[in-house]
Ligand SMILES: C[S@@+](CC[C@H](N)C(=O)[O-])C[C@H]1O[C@@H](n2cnc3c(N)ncnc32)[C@H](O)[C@@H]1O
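One chain follows as structure tokens, the form predicted alone.
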């Protein structure tokens, strides 16, 4: 029997979960979560099938479900802890909001054939998944012309430049029992994202910079938009 990997997101968001149970009244892409173009970057999602890749506690997905009337939004995250908190916070928004615990790549591969109209990630699965697996799976899961939108770090939190190649960094994490370990995070330069997306079958690629604002751990972000090409 294979031992499941430790949930490295077990501790993330627990303090907020205990004190803030409201559906957010805004959708934010920036690292500081206080600026950016909002849900408008996704286009009009009314009546569409939307997927949040690496949804965490599903706060962004809950906002869309309540305020933007998609036909359905799937909040997908592999972490058992994040899934449990999301279900506790926003399970009442079903069936419009579907909260699913699953590996994102496996989920997208199962949805191949154009199941989704829009996919997005806010410093989520796109940052923490091997892109040569994730991006082709996302393209296959989108209908032709469907949109992928994601925000990702434009440089490392310590200020170092993003990578000029497809190489991850090992960043600090903790197991549920508090052991210090690392996880992989991809922080890539704009032209690297464009090349990866083109290789995966996306077109109409654009990358905008979102300023990080003030603070000791501030960071600029890239807001990346791409469309699946015609089959």
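None of these values were measured; they are calculated from a predicted model. Numbering follows the first chain given and starts at 1.
Beyond the structure shown, there is the form predicted in complex with this ligand, which is absent from this document and is the topic of what follows.
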property: Every residue of 116, 136 and 202 near this ligand in the predicted bound form, heavy atom within 4.5 Å; result: no
property: Close approach of residue 51 to this ligand in the predicted bound form, 4.5 Å, heavy atom; result: no
property: 4.5 Å heavy atom contact, residue 97 to this ligand in the predicted bound form; result: no
property: Interface membership of residue 125, this ligand in the predicted bound form, 4.5 Å heavy atom rule; result: yes
property: Close approach of residue 79 to this ligand in the predicted bound form, 4.5 Å, heavy atom; result: yes
property: Segment that reaches this ligand in the predicted bound form - one of 141-149, 108-116, 88-96, 128-136, heavy atoms within 4.5 Å; result: 128-136
property: Interface residues of 95-112 toward this ligand, as seen in the predicted bound form [heavy atoms, 4.5 Å]; result: 102, 103, 104
